[in-house]
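This document starts with one chain, in the form predicted alone, laid out as structure tokens.
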Amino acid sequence: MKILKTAEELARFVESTDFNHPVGFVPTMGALHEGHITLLKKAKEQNKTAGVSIFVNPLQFNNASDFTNYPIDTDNDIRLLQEAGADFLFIPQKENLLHHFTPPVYDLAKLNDVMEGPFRPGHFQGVAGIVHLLFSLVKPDRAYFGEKDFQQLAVIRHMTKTLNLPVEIVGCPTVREANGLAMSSRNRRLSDEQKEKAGAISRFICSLREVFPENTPTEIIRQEVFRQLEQRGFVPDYFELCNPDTLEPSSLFSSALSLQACIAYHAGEVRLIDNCAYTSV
């Protein structure tokens, strides 16, 4: 695995004979887990060259303590990527990657107005800026993102389409822990008790059709989700049932609609998000 630490080193590699298209690319912020490795494996299956970036993006954190406490485990990340067969790892320092970089303001349509948007002002602009920058440097044919960050995936797809970028965005199913909790780098900061309780929340939002009758108002479901969160000592931010393409909220839980159940809440100092798909029947 070739390890590249500066944009200049990456540029030379991209122009070398070792950089064979099609290229699959997995942008990450490190603290890698099986979910990330699953993305890399998919990239390896579909491309001649497959690589990863690790960069804890300061532009997407609106909470300074969240940025400061973000887990970093570079040695373990490198080991995992080598074992998984990554062809390259781009791991720049902030001073190198963001040198002379002025992030543009992106047209995110209404994707920034719901769910995460009001709770994390500027977050998706920061995500779009760094992903766009990485695309311009790596020049991938395909880029791979987990569906766990469902709204982020929608934003990146929208940005790629509106800017007419020559990159296929590939969404991959959420990888879950044995108890149903979506794998996340943030899970490292949870106690065992918090992990078990959070797993119960994930299992609940993925079993709504077993619990609620047809055409239940979303508000009724939200009240029950919030009750279960608070019962476990968690603090809710939101729960929505939304259109998976536009993220427009639905007022009813109907089997005639394809809907995404999306949730965000605080387990102590750790903020967790998750989602589950409900296809129309």
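The shown structure was predicted, so the numbers you read here are calculated from the model rather than taken from an experiment. Note that residue numbering begins at 1 and tracks the sequence as displayed.
Only in words, not in the display: the form predicted together with a small molecule, which the text now covers.
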Query raised in the report: For the chain seen here without its partner, which of 111-119, 206-214, 171-179, 77-85 has a heavy atom within 4.5 Å of the small molecule in the predicted complex?
Result: 171-179
Requested in this report: Decide yes or no: are T6, F13 and L134 jointly within 4.5 Å of the small molecule in the predicted complex, with each residue judged by its heavy atoms?
Outcome: no
Query raised in the report: Using 4.5 Å between non-hydrogen atoms, is F124 touching the small molecule in the predicted complex?
Result: no
Report task. Report whether the minimum heavy atom distance between G129 and the small molecule in the predicted complex is within 4.5 Å. Result -> no
Query - Partner proximity in the predicted complex: G146 to the small molecule, non-hydrogen atom cutoff 4.5 Å - result: yes
Query raised in the report: Is L39 one of the residues lying within 4.5 Å of the small molecule in the predicted complex, judged by heavy atom distances?
Result: yes
Query raised in the report: Given that the small molecule is left out here, which of V225, L59, M29, C242 has a heavy atom within 4.5 Å of it in the predicted complex?
Result: M29
Query raised in the report: Just one of M183, L190, L165, L97 has a heavy atom within 4.5 angstroms of the small molecule in the predicted complex, so which one?
Result: M183
